[in-house]
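Only one chain is given next, in structure tokens, and it is the form predicted on its own.
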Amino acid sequence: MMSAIRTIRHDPLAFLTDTWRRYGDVVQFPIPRPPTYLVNDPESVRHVLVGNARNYGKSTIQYQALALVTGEGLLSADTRRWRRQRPMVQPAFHHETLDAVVDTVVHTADAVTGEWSSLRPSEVIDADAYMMHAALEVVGRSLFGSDLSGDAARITAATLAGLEVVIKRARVPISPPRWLPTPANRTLMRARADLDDAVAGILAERTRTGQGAGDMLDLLIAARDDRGVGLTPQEIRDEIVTFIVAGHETVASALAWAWLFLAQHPDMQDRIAEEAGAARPWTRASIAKLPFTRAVFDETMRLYPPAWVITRRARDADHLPCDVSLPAGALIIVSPYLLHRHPRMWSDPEVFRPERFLAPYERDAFIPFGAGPRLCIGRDFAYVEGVLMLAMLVEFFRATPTSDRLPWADPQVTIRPHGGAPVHISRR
């Protein structure tokens, strides 16, 4: 048992993978409170996330720990709060607002192109660091009309430091109270303070310039629920921090892994470059002209989904399609990382093969952004950003690997390449 606890704390992906392969698609862990189940049966996953989603809330250790950084934003809010806030935030992600995202991605990719153009041929870069910085700028400009690039290092460091504490809390049943000045709690307090400072700067800038940009911040300020009540300042803060945290690390992580995969496949890079050359000028409609680039992005998220674990709490007793009964209060663990490797759903599931997304596939078996009513509100935003960024950079640069092995997959809030994503970069 102690060996299992150590594995859970240091490599939960390995623990969940071994558990699934050893015991099957539904496993009850020997934990008395709450009764805890790993569910990787595809039909049962759909039942929990889609078919009977009303019975499964987000009052879990995972999301409670995440809320220590994000507050009660859409990502961590439980059902009642989420039902009120989701319609108020939704307009920020309508298709019309995504047009501005394209302009921001183009601006940001051009800036990265300028930096990479000054590198020596075949110089080693950390694609993870570059993609984190770029994604943060896209989030800042697109959602809040603010250029966060000048403060990117501080915000990124605060995000990662806060999430590291979140991960540790989510992996143990008991954590010290927040008022106790432990090293972890002090780290969390500093991270929250830095993120709060970033939000204060965004709000101060909006006060100085006035409203009218039509970005997410304007919509949050103007939003009203069905009773005519707006979001409180704390709720606005929580949504802003949620999208700073979730809106840049998720896409950046996927892009970092994509560079690592592409570095091993020069033929795929050539195919993307050819697509990109034919897809200009860049608009939201360009996504439809980049089917292989999107397939690469999808295949990357299949193997390394940014949201690698999803947890739910059963409100009432339920019966899964796989003929397993769940008691009220049960904790359900769903892992897209495992579901995306299910041999019943995917052929050669461990192989990087983007072409599988150019043919019909079982969509219930691909859930990088979740599924059902709690499907990630930023999914379309992520596709615009990720696919366009990849196309625009691969069009002008070629990556080659620094090693014949991929980095260890480090399961933080997202699955990150341990030690970064080093690749050789050269101009085409």
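Don't overthink the numbering: it's just position in the shown sequence, from 1. These numbers come from a predicted model, not from an experiment.
Heads up, the form predicted in complex with protoporphyrin IX containing FE isn't pictured, but that's what we're talking about next.
Residue contact with protoporphyrin IX containing FE in the model of the complex: Pro401 places no heavy atom within 4.5 Å of it. Using a 4.5 angstroms limit between non-hydrogen atoms, Phe144 is distant from protoporphyrin IX containing FE in the model of the complex. Contact annotation: Pro306 falls within 4.5 Å of protoporphyrin IX containing FE in the model of the complex, judged by heavy atom distances. Protoporphyrin IX containing FE is not drawn, but in the model of the complex it has no heavy atom within 4.5 Å of Phe261. This chain is displayed without protoporphyrin IX containing FE, yet in the model of the complex the stretch 309-317 from 309-317, 354-362, 188-196, 323-331 comes within 4.5 Å of it by heavy atoms. Taken together, the three residues Val105, Arg271 and Ala276 all stay farther than 4.5 Å from protoporphyrin IX containing FE in the model of the complex, as judged by their closest heavy atom. Between protoporphyrin IX containing FE and the residues Phe397, Phe366, Tyr37, Tyr63, the one pair within 4.5 Å by heavy atoms in the model of the complex involves Tyr63.
Residue-level contacts in the model of the complex: of Ala256, Met301, Leu136, Leu217, one residue has a heavy atom within 4.5 Å of protoporphyrin IX containing FE, and it is Met301.
In the model of the complex, the residues of 52-78 lying within 4.5 Å of protoporphyrin IX containing FE by at least one heavy atom are, in order, Lys58, Tyr63, Leu74, Leu75.
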